[in-house]
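Coming up, as C-alpha cells: structure 1 and structure 2, two forms of one and the same protein chain.
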Structure 1
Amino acid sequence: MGGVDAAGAWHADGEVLGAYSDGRLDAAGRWSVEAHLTSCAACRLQARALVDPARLRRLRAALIEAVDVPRAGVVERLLVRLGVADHTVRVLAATPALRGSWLLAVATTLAFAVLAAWVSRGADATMWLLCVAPLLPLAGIAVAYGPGIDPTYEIGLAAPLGSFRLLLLRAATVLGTSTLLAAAASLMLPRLGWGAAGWLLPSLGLTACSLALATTIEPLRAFGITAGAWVVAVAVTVAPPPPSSVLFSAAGQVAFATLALLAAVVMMVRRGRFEADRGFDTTPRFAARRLR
C-alpha cells in the first residue's frame, strides 16, 4: 500500500496511486490518498504521471466553463423561451431594474396604492393607482442605464451594440414588466372598470417622452424631469371631491397617445446624436468634437 522513505515520511506506492487514478479505490481509500496528496509533493508528482493529459485538459476546460459562465436566471430563461436572442438576453439580464429587489419594491408600491384605494373606496378608489403607476417605469428605466448607475455601463459601451438600442431594449423590458405588475394591481382594485386602466397611456407617453428627452440631456436627468413634471401635473389637476383629473379623461388619453407618437419620431430623428455623444459616431465632425 505504501512505504516509508529515509526521512521517515510515508508515501503511497505506484499500485495505490494507479488504483486511485483508475477509480478502483473505495471511498475511504480515495479520501486517504487525497488527504496525503495535499501535503506530499513527491506523491503528487508520481500521481500526475499516471493521469492522461488529454483527460486533464478536458476536466480543466469543463471546470473553467462551469465557473466562468454565469447560470441563467429565471428572467433569462423566460426571455429565451419567448424567442429573444441569447446575446440580447445577456444584455437585458444585467438590467438593475429587473433584479428581485427592484421588482419587490415595485410590487410593494403598487400594493400600498391598492391598499389606499380600498381604504378610500368611498371616493374614486382608482386615483391612487392612476397617479403612481406611470412613475414606476420611469424610475425603473432611470436606474437601467447610465454611468454610476448601471454596473455594466462601460461593458455596454464596448459591446457591438448601439447605446441607444441598448437603452430602448432595457426601457421596453422595464416598461413591459412594470405594466404587467400594474395590470395585476388594477385587477385588485375595489372598483373594476375601464377607468382602472387609465394609467396605461400616460405611462407609455411619459416613458416615450423621457427617452426622447434623453437624446438631448443625460438619461437620468431626462427621467427625473419627466417624473417631476408628472408629479406637478397630478398635483395641479387632481381636484376633490371626488378625486378626478383631466389627465385620465378621454382628452387626456388622446393627448398622451399623441405625445408617445411625437416622442417616437423625435427618438428616431435624434438617435444619431445620442450615439455620437457616447462615442459611437465616427464621422470626422463628431470625432473632432470629442477631441476638443
Structure 2
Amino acid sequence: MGGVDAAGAWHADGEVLGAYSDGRLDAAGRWSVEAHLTSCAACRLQARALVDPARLRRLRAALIEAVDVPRAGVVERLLVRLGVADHTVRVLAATPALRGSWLLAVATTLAFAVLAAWVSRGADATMWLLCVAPLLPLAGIAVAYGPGIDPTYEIGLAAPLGSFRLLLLRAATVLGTSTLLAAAASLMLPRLGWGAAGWLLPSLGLTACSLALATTIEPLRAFGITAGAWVVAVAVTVAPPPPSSVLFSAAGQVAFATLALLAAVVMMVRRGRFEADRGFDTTPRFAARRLR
C-alpha cells in the first residue's frame, strides 16, 4: 500500500486514499493515512479528487460570506430577530449616536435624575426627570446625522437612499432607545403615577420641532435652539411650592401633542431640504450659506 517517492518518503497514492475514504482500509492503514495527511501537503492535494467539487465550492462560498460579515452586536441581532430588515439594521448600526458611549451618557443622566428624586423625596421628586428626559433624544439625534458628524454624509447625499429617510430612521431609533431608558428610569422613581410619564409627549414634541427647524437652519443649531427653548420654558413656568409646571399639566400635554403633529407636517412638506447639501426644492432658502 502507498508508495515511496524519489526521496524515499512514504506517500499515500490515489488508490490508498480512495480505499481510506470508502472505509476499505484496516486500522493500521487508516492510521497511517490519517497521520500522514495532517503533515503532507502533496497527499492533501490528492484528497481533492475524492470530494465533490460542487460541495467544496458551496462550503467555500458560505464560509467567505460568514467571515466577511462580522458578528453583529447584541442590539443588531435583537432587531433582526424582531423582524427588522437586515439592511435597515446595518444603517442603524452606523449611527454614531448609537455607540455605547451615548447610551452610557443617557443612562448616567437618568440615573442622576432618579437619584435626585430619591434624595429630595418631596413633591418635586419627579421634576428632574421630567425636565431632563425630553432633552436626551435631542442630544442623541443631534449627533446621529449631518455634516461633520456622520462620516459618510457626503457619500450618503449622492446615494439614492433618501437622506431624509436616513435621518428619520436614525431619529426614530434614538428616540426609541432614549424613551425606553427614560421609561425604565420612571419606574425607579420613589412615587409611581401617570405624572411620572409626563416627559413622553414633550420628548416627542421637541424632537419633531427640532427636525422641522432643521429644514431651514443647520441641524446642530436647530437642536440647540430647541433644547434652549425647553430649558427656558421649564425655568419660566416652574412654580414652587411644591414645584410643578404647566408644561406637565393636561393642557401642556395636549399642546405638545399638537406641536409634534404640526412639526411633523412641516417636516414632511420641507423634506426636500435634507436631500442635498444645498437643496433642490423650491422653498425659499433661508440659509443659503448653510454649511459653508
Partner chain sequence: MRPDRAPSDAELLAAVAEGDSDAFGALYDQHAPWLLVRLRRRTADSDAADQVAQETFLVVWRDAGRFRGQGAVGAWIWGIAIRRLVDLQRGRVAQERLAGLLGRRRVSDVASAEEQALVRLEHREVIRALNRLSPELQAVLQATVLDGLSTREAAVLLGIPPGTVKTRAMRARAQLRQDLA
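By rigid core we mean the largest C-alpha set that fits within 1.5 Å across both forms. Nothing here was measured: the structure is a model prediction, and the numbers come from that model. Quick note, the numbers are simply positions in structure 1, starting from 1.
- With each form of the chain shown alone, which structure should be assigned as the form predicted alone? It is the first structure (the form predicted alone) rather than the second.
- After superposition on the rigid core, does the Cα atom of A263 shift by at least 2 Å between the two structures? A263 C-alpha, core-superposed: shift of less than 2 Å.
- Message: Once both forms are fitted on the core, what is the Cα shift for A27 between the two structures in Å?
- Response: Comparing between the two structures after core fitting, A27 shifts 21.9 Å at its C-alpha.
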